[in-house]
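Next comes just one chain, in structure tokens: the form predicted on its own.
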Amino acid sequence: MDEQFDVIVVGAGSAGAVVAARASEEPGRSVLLVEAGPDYADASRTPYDLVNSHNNSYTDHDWGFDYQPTARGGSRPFPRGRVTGGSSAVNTTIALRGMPEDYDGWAAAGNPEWAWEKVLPAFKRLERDLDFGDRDYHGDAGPITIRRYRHDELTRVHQAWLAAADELGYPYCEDANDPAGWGAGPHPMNKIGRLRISTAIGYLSAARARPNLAIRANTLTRRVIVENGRAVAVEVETDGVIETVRGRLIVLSAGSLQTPCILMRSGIGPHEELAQHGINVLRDVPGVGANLSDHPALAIVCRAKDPSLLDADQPIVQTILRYTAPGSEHRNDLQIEAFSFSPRGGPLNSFAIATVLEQAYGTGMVRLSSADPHAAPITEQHFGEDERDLKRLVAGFRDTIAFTKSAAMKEVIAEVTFPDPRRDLSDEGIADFVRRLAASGFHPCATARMGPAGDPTAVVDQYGRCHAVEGLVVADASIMPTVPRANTNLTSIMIGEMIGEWVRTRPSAYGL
């Protein structure tokens, strides 16, 4: 393309679509949004798997990646959205914020712009909370609609699960996004009826009318081109044709698995990793692909007394328990949640209850499998290797077992099929399950983490600007210093709001 854009955003996902929408609010600034997957500009023609918020889209708009969760566990699929809206267009629509302490922790690590009091306005700006929009910590006019299921809308499994939580002494929490709240209650979800309110719908639907915003779909970004220490273009591929598109500011929003790979293919990353794949090292940046943070999880599977209560067309998730592990210094570092049915396949006769560790110390890594831009990354999680994580996940799993023994859940459970009750369910026995079977909550982040220039693990500064290369910004979950105590989609949208607004209102800070 001969045209030079003011801003090129790579990746139209949870953050990238937001950055492009906010940056293009300035009519004199040209913005190009590049997406590897398809784009459905007409909402009426959006495929059903993207509309259907009752369950994830697993295959039709997926990258086909896999990952290694534990040293002893086998490889598993790692679903990531390949479509405008990214993973916000294919996920479970859980609209959960982290704890205020998460963002204050980011600020304390040298990123003061990300303190809770600074990010709360962005959280409020992005949401249209239909239940609690009048509260001072919520928004009521944003592009992402959020609601919670009423009790009479819950499936029988979720009604029994909430009754069990009450029986076990957990308080009822009407709003899991109350900054001071904890307990069991309905999940906040970004949906209207069955419709999933992705960033493609919430942000791009209105932005498409702007003549200064161009969206280029089905276009793979191969690498960023750097000249004299400044990012000046992206090399892209559409239907096998490779082109160079020039831009004054390049924003990578390709996600925590793809963004570090694009950086490495561009010659920005760990020297040893790049040399191994024959990539010319422009900048030795050890933090690229390191520090992968996520939520390890382990589920109990229960066979239902009455399989007719289970329906694969039901909403798969509706409720949540947030609470603190025994003796933990991190508030609400554990989640327990029920699934309306087990997504494992086979006969529809079972449902699951999962334990999820929300504040994790352990980290993994993302590496290149090849210099080929079409090659999938190598993703290693190392779940269960940090003893602090292992101890709390074991405690959470034991608390989850207690749900299955409650009177309320016994009304719907015929038997627990995993773990086999005849197996060793001591703490060490459960720890063995974790080391072998823990899986991802699919919330990867921190693979291009932000921090001050003196932090050897930091890739970008607190404004998303790459330390090593001028004119290059990262704006997605990659820049999170640590995983927040929540599903990461809402925080990723918030990151798009923060950086998109900075690009719009502080252009000189980004060389515009």
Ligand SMILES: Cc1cc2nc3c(=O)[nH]c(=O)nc-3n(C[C@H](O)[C@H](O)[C@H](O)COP(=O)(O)OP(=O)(O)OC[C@H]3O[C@@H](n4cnc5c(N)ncnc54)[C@H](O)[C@@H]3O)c2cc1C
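Keep in mind that this is a model prediction, so the values were computed, not measured. The numbering used is simple: start at 1 and walk along the sequence shown.
This next part talks about the form predicted together with the ligand, which is not shown.
- Contact check for V19: no non-hydrogen atom falls within 4.5 Å of the ligand in the predicted bound form.
- Contact check for G86: a heavy atom falls within 4.5 Å of the ligand in the predicted bound form.
- N489 belongs to the set of residues with a heavy atom inside 4.5 Å of the ligand in the predicted bound form.
- In the predicted bound form, none of the heavy atoms of L472 sits within 4.5 Å of a heavy atom of the ligand.
- With the partner omitted here, the residue from A254, I268, A200, I250 that has a non-hydrogen atom within 4.5 angstroms of the ligand in the predicted bound form is A254.
- T219 is the sole member of Q318, N332, T219, Q381 with a non-hydrogen atom within 4.5 Å of the ligand in the predicted bound form.
- With the partner left out here, the ligand still marks one of 464-472, 35-43, 450-458, 66-74 in the predicted bound form; by a 4.5 Å heavy atom cut-off that stretch is 35-43.
- The three residues G13, R82 and T92 all sit with a heavy atom within 4.5 Å of the ligand in the predicted bound form.
- For the partner-free chain shown, N56, Y58, W63 of 50-74 come within 4.5 angstroms of the ligand in the predicted bound form, judged by any non-hydrogen atom.
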